[in-house]
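Take a look at this single chain, the form predicted on its own, given in structure tokens.
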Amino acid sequence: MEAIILQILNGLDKGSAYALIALGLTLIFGTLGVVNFAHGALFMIGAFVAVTLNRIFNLSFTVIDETRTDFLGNPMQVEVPYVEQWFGAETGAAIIDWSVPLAIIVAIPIMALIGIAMERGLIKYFYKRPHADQILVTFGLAIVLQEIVKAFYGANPIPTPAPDAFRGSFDVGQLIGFEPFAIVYPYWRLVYFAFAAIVIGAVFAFLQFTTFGMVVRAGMADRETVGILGIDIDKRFTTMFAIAAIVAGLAGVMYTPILSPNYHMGMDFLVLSFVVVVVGGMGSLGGAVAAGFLLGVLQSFASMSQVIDLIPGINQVIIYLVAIIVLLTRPRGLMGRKGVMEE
């Protein structure tokens, strides 16, 4: 039972990332009708926003510390971060320690601007083009963004730690009645799952309970009728592209302590997230989220050593096998809408 619960937690952790990226993909496809293969790059950019902010906070200058000496008895030169000089040693150290959560504040406007620039500068010219053209141009854009990041940050992963308060593991087992230390799980992974749940809930609440969201949902169902009513649906769709970019970026920011950012991480997650979207049903927001968590849990169980010993390599293909089975039995996906990508 302990192993099962642990694998469920692992699956929810992976599923959170899949669900957030797939949610953004579905927002873009559902509102704009664009298959955006550059969406994984937005996840990557969000991660590197956290990396950049951490580096900025760690910028330092050299001072002579008279209280410390080297082996020759000379005063030592030490590096003092600027934030510690500006805000004091204790506050400055806390700012550096909490650089990843603080990156959320910075990432929101940055990702919104990037999303608007992508939509207005490139994507809008492909609204009425075939999906194959959209895939090619957005895939090319993803490669360009990936190579730009590689040029500035290098090819190696860049460790970005979580705050000290969330390092280590939490005794989940004792919380639910098991023996102490029977089920322990990293704090930050639990934080990521909670964060994903909040973001997903906020997006659904925004679409369901605000006037803006209701107009967008109406535009997703019948864009021409909404336009006839005098509503500038294009501006609202641009806003939705920005929101989708923010969701992907925030997913990347909070994932940095779990997976050290590298230039190809966006492409790694993109392929799996597109499978999630297809399994959930093209254009279905609920389907994307449900499929993200479902496939994350299945992939986690398939990664158990007992399963791999029985079926070698199953952890690498389980998501694709599930996709094949779902599409054979439900061609529109689990919650797909009639007519989406069926013309």
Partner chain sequence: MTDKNLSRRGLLKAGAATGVALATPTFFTGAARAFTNEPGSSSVTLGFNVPQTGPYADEGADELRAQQLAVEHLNGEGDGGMLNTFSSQVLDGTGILGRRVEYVTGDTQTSSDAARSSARSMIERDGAIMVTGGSSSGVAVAVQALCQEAGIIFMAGLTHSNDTTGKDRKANGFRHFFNSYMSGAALAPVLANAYGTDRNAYYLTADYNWGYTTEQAVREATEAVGWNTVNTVLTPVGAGDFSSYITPVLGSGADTLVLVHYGGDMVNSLTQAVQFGLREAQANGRDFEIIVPLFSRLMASGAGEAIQGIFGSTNWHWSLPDAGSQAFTRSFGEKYGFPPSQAAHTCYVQTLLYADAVTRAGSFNPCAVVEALEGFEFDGLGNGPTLYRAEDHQCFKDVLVVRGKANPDNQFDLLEIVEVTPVEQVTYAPDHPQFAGGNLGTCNPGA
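Because the structure is a prediction, the values reported are computed rather than measured. Positions refer to the first chain, counted from 1. Basically, rigid core = biggest C-alpha set you can superpose within 1.5 Å across the two forms.
A second form of this protein, the form predicted in complex with its partner chain, is not displayed here; the remarks below concern that form.
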With the partner left out of view, is T67 within 4.5 angstroms of its partner chain in the model of the complex by any non-hydrogen atom?
no
At 4.5 Å between heavy atoms, is Y255 in contact with its partner chain in the model of the complex?
yes
Under a 4.5 Å heavy atom criterion, is R120 part of the interface with its partner chain in the model of the complex?
no
Consider N58 of the chain shown here, and say whether it contacts its partner chain in the model of the complex, taking contact as heavy atoms within 4.5 Å.
no
Assert contact residue (its partner chain, in the model of the complex, non-hydrogen atom within 4.5 Å, options Y185, F178, F193, F204) equals Y185
Using a 4.5 Å heavy atom cut-off, indicate which stretch of 33 to 41, 295 to 303, 49 to 57, 279 to 287 touches its partner chain in the model of the complex.
295 to 303
Taking its partner chain in the model of the complex, which residues of 88 to 114 have any heavy atom within 4.5 Å of it?
none
Core superposed first: is there a CA shift of 2 Å or greater at V78 between this form and the one not shown?
yes
